[in-house]
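Heads up, the chain below is alone and in the form predicted on its own; it's given as structure tokens.
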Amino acid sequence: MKKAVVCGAGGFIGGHLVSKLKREGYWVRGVDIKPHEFRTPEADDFRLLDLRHPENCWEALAVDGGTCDEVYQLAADMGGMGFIHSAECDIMHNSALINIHMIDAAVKSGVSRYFFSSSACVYPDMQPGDPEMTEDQVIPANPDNEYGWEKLYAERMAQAYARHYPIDVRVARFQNCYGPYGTWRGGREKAPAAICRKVAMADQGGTIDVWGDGTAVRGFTYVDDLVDGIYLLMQSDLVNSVNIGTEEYVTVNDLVQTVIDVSGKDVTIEHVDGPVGVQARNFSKARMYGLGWKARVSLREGIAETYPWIAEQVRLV
């Protein structure tokens, strides 16, 4: 039985990844600074550890007097667009410390395979319809926010360790991800969750605020597709950074209308000032497609799973 440590297991994607690994027959330790807010941990062992401190990284990886086989490093200080723009220093400080200490501890404790969760935020601001960027075209770099800069540095650091030490590193750049059991309020939620919350809270015939003019283009990957991609990549021989995401690109207005349609409500959109982020990011998924992976869940299908869960959370508050 393989033994895996999932860092960030108290978070949205990390929690789903723990479930995926358990289905694949792993013994799993989950690690986070906080317990999962919405799920009973499925991990065989769950540790509350602040991974900004190196001694906690070592504790996270110590299993039965030895070490684990695989590390999935998803722990980060992050959130939605409002948080990314308002907490730049915290994001760079906290996430950099976690990533510096975790790859170092993994190498020195003898971990054989290491996964790092990067982000499409490493790519620059693009215009809708611009040619797809491949993974290698991220250099020369020009991310539009500090979250992206920190992710890009952490990618290169993990890959540098892989060049000098006996550890296999896999890096995935995530597209926007959504689904049930994720943060849906408080400022750290992503756009799909925020829109689901606003629609769920709106009265029939009411109005919801949407930041910007709604023309920015996004791709939204359902969480089950994403964790399938993570697992497949981790078992593969791909050593360079890999994009994971859907080919279904929509405007923010399309996203909002999809949520309204799924809700069955009559709701009006009011555009207001607020942080929007880039106009578009269009990047190639050819490397992942070469492994036989493609996103299977459409936006409407994914929202049909996500909206009822968030609506229920709103009802329970």
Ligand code: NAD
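In case it trips you up, residue 1 is the first one in the sequence shown, and so on. Because the structure is a prediction, the values reported are computed rather than measured.
Keep in mind that the form predicted in complex with ligand NAD is missing from the display, and what follows is about it.
Only one listed stretch (75 to 83, 206 to 214, 157 to 165, 127 to 135) carries heavy atoms within 4.5 Å of ligand NAD in the model of the complex, and that stretch is 75 to 83. Contact annotation for Arg287: none of its heavy atoms lies within 4.5 Å of ligand NAD in the model of the complex. By the criterion of a heavy atom within 4.5 Å, Leu51 is counted among the residues contacting ligand NAD in the model of the complex. Under a 4.5 angstroms non-hydrogen atom cutoff, ligand NAD in the model of the complex has Phe12 among its neighbouring residues. By the criterion of a heavy atom within 4.5 Å, Lys190 is counted among the residues contacting ligand NAD in the model of the complex. Comment: ligand NAD is not present in this chain, but in the model of the complex one of Asn145, Ser109, Ser236, Asn176 has a heavy atom within 4.5 Å of it, namely Asn176. Within 4.5 Å of ligand NAD in the model of the complex, a heavy atom is found for none of Pro180, Thr258 and Ala311.
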